[in-house]
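Encoded as C-alpha cells, the following chain is the form predicted alone, with no partner shown.
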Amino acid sequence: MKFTFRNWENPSQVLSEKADAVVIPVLDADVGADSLLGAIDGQLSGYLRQAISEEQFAAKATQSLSFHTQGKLGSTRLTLLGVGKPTGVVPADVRTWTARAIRSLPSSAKVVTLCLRGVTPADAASVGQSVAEGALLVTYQFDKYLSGDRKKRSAVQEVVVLLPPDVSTEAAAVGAQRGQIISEGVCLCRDLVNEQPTEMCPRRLAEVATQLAQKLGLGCTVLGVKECEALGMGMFLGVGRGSVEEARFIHLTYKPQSEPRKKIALIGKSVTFDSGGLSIKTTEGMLWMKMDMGGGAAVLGAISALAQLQCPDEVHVLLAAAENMPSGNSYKLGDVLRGMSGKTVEINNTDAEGRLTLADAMTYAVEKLGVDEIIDLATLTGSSMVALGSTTAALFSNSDALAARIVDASAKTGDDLWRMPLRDRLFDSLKSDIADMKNSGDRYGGSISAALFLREFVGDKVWAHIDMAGPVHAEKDVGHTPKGASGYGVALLCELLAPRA
C-alpha cells in the first residue's frame, strides 16, 4: 500500500482531489459552521446540507455520512467521519479515523484521500505512523483457509493524506515508514495466532523463528528436549510431556551496531495449544486455546520490527514452546516438578501451565544471559479478564519506573493495559506442604497470585509481566483490529524499546 502526503491550503484543493473517495473527519462543533463543508455544499448545490439534515448527522464519534458525488467533485464519493467533541488531533485517534475511513469504502475503491485538519507540526511523524497503521491493520485478513467470495482482500492501493500547510510532509512520510514496519510485525503476530494449532505446533513455531532470524540477521538457537533436560528445565518439559509434538525452546538475539543501552529479555508464553492437560477444559473453554501462544507471537512480531527500527538495546526473545495435552505421559496432579532454578513446584492444576514454562524461560534469562530487564507477555489467567474485561491487559511489575514507561507506551499505541498490585499476602495461597510452592492458588486474586509465582524466578532483575488473556483476540471488528487475533503487544514493545523520534 502506498502512502502519499501533501499540504493543502484552501477548499478548492479538496474539491478537485481525484480519488475514489475523500474522507473528512468532522468535529461535532463544526457541522453547522465548517468553512470546508460550506464550500463542498456550494459545489454540490446544497445537497451536503440536505444530507446532513435528513440523516441527522451530528458528527458524533460513532457516526459517518457517505454518498456518491455525481461527478460534481473530483472524488467519486465523499465521506464525513464524526469524531465527537474537539480535543485536538491525537495521533492515536488518527489511527482509528483511518481505519474507519477504509471500512467505509466500497470494495472496489483503490485510492482514498484523508483530509486532516488541526494537525500540529510536532505531530507530523506520529500522524504519518498512525495513518499507515490504521490502513494496513484494518485491511488485514487471515484468508489462508477461505475460498470463493469470502477470500476478498481490500482493493485499496494508495492513501493520500492532506495536511495543513505548516506540517512537514517529509516527516509524515518517515512516520509512515515506521508505521509500515510495525504493522508488518503486528500482522506476523496475527498470522501466527490465527493459524490452526495442528499446524502452529512447537516444531513449526521454531521453524518460523529460524526463518525470521535468517531474514533479519538475528542470532538463533533452538533447543530440543534433551538440551532442555541438560539445563534442568523440568517445569517447562513437564507441561509438554503429554503431547506427541516435542517441546522446543527458542532463543533469538538482536544486537545493535553500537554499544547497547541495556540487555533486555522479551519472554512470550508459547503454549501452542492448551487443552488444560489432565485438568481438561470444556469444549467452550478450549475453542480459542490456539491463541495461548499469543505472547510468543507478540515477541516474535516485536523483534522483527525492532531489528528494522534499529533498537538501541540488545534484545533476547525467549519462547518455551509446548503443547499441553492429556495422555498417559502427561504430568499429573500431585507431581512435583523441579525447575532450572532448582526450585520445586507441586502441581495442583495442570491448566495453570503457562507460569511453569515462563518460569524456566525467566531462569534462563537470569542465569545464562544476565539481562538487565525482563518483560513477559502471556495469556496467563482468566482472572485478569474478570478484573479488567476482555480488551485491557493486566500489568504487574517490581519497578515503578519500568511500569510507568510501559503505561506511557500503551497510551500511544492503543494496546490498553492497567497496572495491578503485587500483594505479598496472596502468596500464602501458593504455599505447599511438600514443595517450595504450588503452581496455582485459590480462585480469588488469581492473576495476582500468578504474577507472584513468576516473581519468584526473576531474582533481583527489573521485571514486568503483562497478562494479555483478554486482548489477545477481538470478538468482532473494532477500530483497526479485525475479528480474530489482535496482534496485541507488538506495537507496545516497539514504542517502549524503539520510541518514535
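Numbers follow the displayed sequence, beginning with 1. Fair warning: this is a prediction, and the values are worked out from it, not measured in the lab.
The next section is about a form of this same protein that is not shown, the form predicted together with a small molecule.
Asker: Can Ser383 be called a contact residue for the small molecule in the predicted complex at 4.5 Å between heavy atoms?
Answerer: Yes, Ser383 is a contact residue.
Asker: Is Asp351 close to the small molecule in the predicted complex, meaning a heavy atom pair under 4.5 Å apart or at it?
Answerer: Within the cut-off, so yes.
Asker: My question is simply whether Val458 lines the interface with the small molecule in the predicted complex - judged by any non-hydrogen atom within 4.5 Å.
Answerer: No, Val458 sits far enough from the small molecule in the predicted complex that none of its heavy atoms falls within 4.5 Å.
Asker: Although the partner isn't part of this model, could you tell me whether Thr379 comes within 4.5 Å of the small molecule in the predicted complex, counting any heavy atom of the residue?
Answerer: Output for Thr379 is yes: heavy atoms within 4.5 Å of the small molecule.
Asker: Just to confirm the contact call: exactly one of 285-293, 363-371, 215-223, 238-246 touches the small molecule in the predicted complex at a 4.5 Å heavy atom cutoff, so which is it?
Answerer: Correct option: 285-293.
Asker: Are all three of Arg95, Val138 and Thr391 close to the small molecule in the predicted complex, meaning a heavy atom of each within 4.5 Å?
Answerer: Result no, not one residue of the spot touches the small molecule.
Asker: Considering non-hydrogen atoms and a 4.5 Å limit, which listed residue (Ile448, Ala469, Ala59, Leu48) is close to the small molecule in the predicted complex?
Answerer: Spelling it out, the residue with a heavy atom inside the cut-off is Ala469.
Asker: If you check Lys281, Arg117, Arg204, Arg103 against the small molecule in the predicted complex, which one has a heavy atom within 4.5 Å?
Answerer: Only one listed residue qualifies here, and that residue is Lys281.
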